[in-house]
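As a starting point, one isolated chain is supplied in structure tokens, in the form predicted alone.
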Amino acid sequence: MPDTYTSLANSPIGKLITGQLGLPRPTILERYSPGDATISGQVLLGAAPGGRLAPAAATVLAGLSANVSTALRGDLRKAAADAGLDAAVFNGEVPGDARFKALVFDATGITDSTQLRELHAFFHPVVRRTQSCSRVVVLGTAPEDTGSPREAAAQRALEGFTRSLGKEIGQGGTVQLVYVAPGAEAFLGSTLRFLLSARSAYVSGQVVRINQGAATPPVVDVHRPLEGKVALVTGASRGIGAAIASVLARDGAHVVGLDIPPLAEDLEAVTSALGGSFLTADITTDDAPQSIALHLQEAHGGVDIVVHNAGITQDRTLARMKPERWERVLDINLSSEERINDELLSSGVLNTGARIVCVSSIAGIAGNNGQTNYGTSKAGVAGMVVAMAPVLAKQQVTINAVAPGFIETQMTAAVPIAIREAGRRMNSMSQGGLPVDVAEAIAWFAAPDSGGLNGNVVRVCGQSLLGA
């Protein structure tokens, strides 16, 4: 269902009325279209003294042919030059006419709370010079990877900084924190590309952890990174599932859509339009995992990407909820995923370097009235991802999850208008997301060079005011 308020608020008369009444005017978000550059506009690269990630960031930016500027400091100039960047250099104050599409700051050199002043020194002069739908990425070291309690505290402080700045920046801008483990610098590429691009339009205020993957990241075509990959998408016949299938196919994957038999006609229409294939199954039956694995092995020789998207809601307050409502939601949303994963692993159907991506929910993080069953299942999905990550890493497989907030779908269109409007406005973007926003985040996790991403749960919620 379209967000009529956002459209009206951005019309000429709407801008006048919202300005006079002090009403919010959500920015119409920039979203990716095939062939778009990853980042258009000037990027300012900065770093605290002693940081270790500016060279890696400069290398990624050079690969994107980005228009980069740096401060006049020897280490930053060297990092840019070594990466092959022809970076403009600011001597002293940033020119008053400078406007930035992205700000990238290496904070790994901050090893003590007194050095947090480096955040203010870099961002204060430029944060009001960002363009509409700008991108801010702060790079740090996870507290558990630091060398002292003081460094751990300083790096943990970055979370409060980025989440607060995400609520200040406005105009559709996003702010993220990326913790990169020592030794994992080469795995920064896919994440920095995603967070700088319009693909991450509805992702903000998030903390992403990158660790060293099992293999050196391959060089990928940024427009077709999934070329030659086979992707299974459950619940693919409509809504978010159909959007996931479309984005993965756009990025080069052969999509195998899966849904229940009554939705076979819709499923076939989706997958045939994408040049993919499909199978029908009730994933809660005892033989479903084996039949899925057998199909993937016989028809495709294995699978590279598994997206667990299938899910249902059957809402009631706990006092009014019958056991069958509880059982069905938990079985479809969580237990069936565990059984399918177990079978794909034990049967050897998952190819080397496979990616498993699950769809959790903000309801599993913040809870929701009348959704104890749904919230339990989606929190369980997040727990499964975190627990399985080290197990799967031994087999060169990764598992991550996205947790959507308010996404414009047929389901949310049926929500009473007052609740629907609250869901749309209670985030830093003041609007609902689109199914494609969830799909883009899944494609990021699914990319061959995302091997350093394992055990992450990233919200696609416009930085919702609910939850962590």
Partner chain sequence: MTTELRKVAVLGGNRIPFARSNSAYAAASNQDMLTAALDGLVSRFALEGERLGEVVAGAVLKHSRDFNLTRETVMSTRLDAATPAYDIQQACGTGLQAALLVANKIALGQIDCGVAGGVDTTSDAPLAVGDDLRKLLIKLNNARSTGDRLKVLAGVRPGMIVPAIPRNEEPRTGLSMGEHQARTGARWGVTRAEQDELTARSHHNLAAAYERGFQADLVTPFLGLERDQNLRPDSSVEKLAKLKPVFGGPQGTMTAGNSTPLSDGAAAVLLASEEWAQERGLPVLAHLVTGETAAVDYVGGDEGLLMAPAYAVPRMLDRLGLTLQDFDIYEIHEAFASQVLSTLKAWEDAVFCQERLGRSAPLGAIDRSRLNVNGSSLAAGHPFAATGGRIVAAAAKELYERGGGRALISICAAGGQGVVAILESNGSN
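Because the structure is predicted, anything quoted here is derived from the model rather than measured. Residue numbers count along the first chain shown, from 1.
Omitted from view is the form predicted in complex with the partner chain, to which the following refers.
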| query | finding |
| --- | --- |
| Interface residue in the predicted bound form among D315, E168, D342, D82, criterion: non-hydrogen atom within 4.5 angstroms of the partner chain | D82 |
| Among the candidates K78, R99, R156, R150, the residue which, in the predicted bound form, approaches the partner chain to within 4.5 Å (heavy atoms) | K78 |
| Location of the partner chain contact in the predicted bound form, chosen stretch of 357-365, 69-77, 131-139, 250-258 [non-hydrogen atom, 4.5 Å] | 69-77 |
| Any non-hydrogen atom of V94 within 4.5 angstroms of the partner chain in the predicted bound form | yes |
| Contact test in the predicted bound form: D86 vs the partner chain, heavy atoms, 4.5 Å | yes |
